[in-house]
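Only one chain is shown below, in structure tokens, and it's the form predicted on its own.
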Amino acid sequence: MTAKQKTPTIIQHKSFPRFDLGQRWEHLLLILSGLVLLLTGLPQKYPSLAISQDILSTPEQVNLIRQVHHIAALVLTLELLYHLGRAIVLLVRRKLPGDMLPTWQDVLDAWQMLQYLLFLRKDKPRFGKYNFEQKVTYWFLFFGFGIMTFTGFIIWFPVQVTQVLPGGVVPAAKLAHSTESIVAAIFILVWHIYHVHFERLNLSMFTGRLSEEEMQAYHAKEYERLTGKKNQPGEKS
């Protein structure tokens, strides 16, 4: 190498951990089991549709769809139990982070965001590790999947359930189960998919990390907490 030659500069882009491997596997199982449940549940909810009649054309097909639905339900149930169990263990060990718990600041952030969208103020709220939209998504789906799991097992084992509960609980469970599934599907497609993949292409649930630019733009408070740096004027927050 001559004196005039220079070693090329390697620019390393800094990134920040967002989700660990276990959380990413949970998310993947949630996507797959939820999708299978939706695709096998809709024909049973709307049997009069032409496509549903094709899918449920024979008793064997009906049994197959129900079996697949039940298997996916078991996968989702195990995932929820693991999620709860892990949270309880961390809570007992006093290692459970409170980042996802709703706070009064989330209410203030939502109000500030509404003002921003209505052009009543120029600046967006500055968020920590999780913003109010992500907390709404988490808790809505947490309770929604809980309702669907509970009512699903009532529908699956009506004889055993009605031995201890009134018979009217079964049709009530069917209504709650199917309605909640439609609401959850619409919520995911309209709210979650938009905010995660259309508003910006956020792949952190698959990669486990966020870039420094994303942290500065969407989680400014968390970025400042981790680095001790302040966002410069003009940077997104």
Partner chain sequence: MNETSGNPIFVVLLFALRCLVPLAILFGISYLLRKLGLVATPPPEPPDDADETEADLRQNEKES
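Owing to the predicted nature of the structure, the values given are computational and were not obtained by experimental measurement. Numbering follows the first chain given and starts at 1.
The next section is about a form of this same protein that is not shown, the form predicted in complex with its partner chain.
Residue Pro97 is the only one of Gly85, Pro97, Gly167, Gly146 with a heavy atom lying within 4.5 Å of its partner chain in the model of the complex. Taking non-hydrogen atoms only, Gly22 never approaches its partner chain to within 4.5 angstroms in the model of the complex. Although the partner is absent here, Trp139 lies within 4.5 Å of its partner chain in the model of the complex, judged by heavy atoms.
His195 falls outside the set of residues with a heavy atom inside 4.5 Å of its partner chain in the model of the complex. Though the partner is left out of this view, Leu117 does not reach within 4.5 Å of its partner chain in the model of the complex, counting heavy atoms only. Residue heavy atoms within 4.5 Å of its partner chain in the model of the complex occur in exactly one stretch of 104-112, 157-165, 120-128, 73-81, and that stretch is 104-112.
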